[in-house]
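Only one chain comes next, encoded as structure tokens, the form predicted on its own.
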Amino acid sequence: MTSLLSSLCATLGLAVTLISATVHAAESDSKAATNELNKVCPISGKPADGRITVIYEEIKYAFADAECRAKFNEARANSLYHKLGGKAAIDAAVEAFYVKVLADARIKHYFEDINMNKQRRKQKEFLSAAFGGPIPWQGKDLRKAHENLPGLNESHFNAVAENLQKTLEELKIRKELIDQVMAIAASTKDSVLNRKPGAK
């Protein structure tokens, strides 16, 4: 139960199906792990042409046509993920975030039996997808991840959100970007707490 409760942090920031709805190629995950060129275009879902590629964060992506490649590049440039600083920034933020979480008496006991190396890795992957990174999240949706967590309440959610905001502020992230991150976080509250939208 505590491992599920810890996913409150790992899933904070996800708007359910936020990225996977716009990225059709589920094989992107395995491609990133193996460095093999994808065979399915991540924009159109059609067969990719190995001659039409782009490299983003040291991973090469292939596309069905030049228009799809242009859409991918535009999506990357306009994404919150890219504006925050990409993989390096997400990694730094997660590391600093968990220092705060594990020192917070309101929530630190939820992580006593958690493999924190795995937790940090999953958090990085999750937030990268939630903020518009190129690799879609393949994990559980928010309601399923939290449906069996008795006692989970708004104070726990707020504690996580407060630590997230403080982390971003200390990393000197621009206020308008922090506001976007926190808006995404706030949009997940009903799902995380397994309540009907707008319920108190």
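Given the structure is predicted, the values throughout are model-derived calculations rather than measurements. Note that residue numbering follows the sequence shown and begins at 1.
The following text describes the form predicted in complex with a small molecule, which does not appear among the structures shown.
Student: Can Ala96 be called a contact residue for the small molecule in the predicted bound form at 4.5 Å between heavy atoms?
Tutor: Contact check for Ala96: no, nothing within 4.5 Å of the small molecule in the predicted bound form.
Student: Even though the small molecule is not shown here, does Gln119 get within 4.5 Å of it in the predicted bound form, heavy atoms only?
Tutor: Answer yes; at least one heavy atom of Gln119 falls within 4.5 Å of the small molecule in the predicted bound form.
Student: Since only the chain is shown here, I'm wondering whether Ala185 would be in contact with the small molecule in the predicted bound form (any heavy atom pair within 4.5 Å).
Tutor: So Ala185 counts as contacting the small molecule.
Student: Verify the contact flag for Leu152: yes if a non-hydrogen atom of it lies within 4.5 Å of a non-hydrogen atom of the small molecule in the predicted bound form, no if not.
Tutor: Result yes; Leu152 sits at the interface with the small molecule in the predicted bound form.
Student: Tell me, out of Leu80, Leu102, Ile114, Ala75, which residue has a non-hydrogen atom within 4.5 angstroms of the small molecule in the predicted bound form.
Tutor: Exactly one listed residue reaches within 4.5 Å, namely Ile114.
Student: Sort through Ile173, Ile52, Ala145, Ile59 and report the residue having a heavy atom within 4.5 Å of the small molecule in the predicted bound form.
Tutor: Comparing distances to the small molecule in the predicted bound form, the residue within 4.5 Å is Ala145.
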